[in-house]
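In the form predicted on its own, a lone chain appears below as C-alpha cells.
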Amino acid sequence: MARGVMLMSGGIDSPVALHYLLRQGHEMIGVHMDNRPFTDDSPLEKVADHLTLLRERYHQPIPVYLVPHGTTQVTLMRNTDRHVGCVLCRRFMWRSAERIAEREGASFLATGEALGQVASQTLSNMRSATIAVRLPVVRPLIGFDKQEIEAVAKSIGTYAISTRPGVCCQAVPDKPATRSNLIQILREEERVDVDQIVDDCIRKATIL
C-alpha cells in the first residue's frame, strides 16, 4: 500500500475520505490548513478528535501537520480578484500539502471533495486548483452525495464531531466563481509571490 497526505478540514467529508483510505491499508498523514483568524479554534479541535477516533479504529499513528493559512488568505484578499478566491486558496493548500508529501516520502495527495457540493468543487474549479501540483490527487468521495457521506460519518462516529458548533471560514467571497478559467487564475497569481507564500507556510508548520 502507498503513503498519502490528506487535507483535513474539520468538516464531515475529510474524515470519511480518510476512513476509506485507511481501510484500504494506506499509510496516511494529515494536513490541516489553519485559517485563523478567519475561523475559530473549532476546526482544529474537530480534526484532533477525528484523528483520535480514527487512530484507535485503525491502529495507525496518523501524524498531522498544522499549516498557518490565515496570512495567505489576507494576501490573496488584498491582491487578487475575490471571485476566484476559493480556487486560489485551494491552489495554495495543495502546494503546501505537496511540499509536506515530499518531506514525508508520500506518493499521493487526498481530499474529501465530492463533485459539485460547493463552489470550489465544480469540475473546472477542482481542475484549476489541483493543476498547481504534480502529485496525483485521490478523491474517495467524488461520486457520493451528501446524504451518503453523512451516513458513513454516522456509522464511523465522526458525524457528531464534525457537526459541533463552530465558525465557518469568513474568507469565502460573497459570490465565489463556480467556473474558473485557468488563464485568469494564473494571471491573478502573478500578483503575489507564490513561492515565498508557500515557503513561509511550510517553515511555520508544526506537527501536532
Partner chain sequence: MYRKLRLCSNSGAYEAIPDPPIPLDLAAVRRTLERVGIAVVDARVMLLVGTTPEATISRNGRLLFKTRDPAAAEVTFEKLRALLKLPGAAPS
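Residue numbers count along the first chain shown, from 1. Everything numeric here is computed off the predicted structure, so don't read it as measured data.
Separately, the form predicted together with its partner chain exists; it is not shown, and the next lines address it.
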Determine which one of 140 to 148, 39 to 47, 175 to 183, 57 to 65 lies within 4.5 Å of its partner chain in the model of the complex, judging by heavy atom distances; exactly one does. 39 to 47
Which residue, Ile131, Leu115, Leu135, Val74, has a heavy atom that falls within 4.5 Å of its partner chain in the model of the complex? Val74
Considering only heavy atoms, tell me if Arg103 and its partner chain come within 4.5 Å of each other in the model of the complex. no
With a cut-off of 4.5 Å between heavy atoms, is Thr80 one of the residues that contacts its partner chain in the model of the complex? yes
Would Ile156 count as touching its partner chain in the model of the complex under a 4.5 Å heavy atom rule? no
Is Leu53 close enough to touch its partner chain in the model of the complex, meaning at least one heavy atom pair within 4.5 Å? no
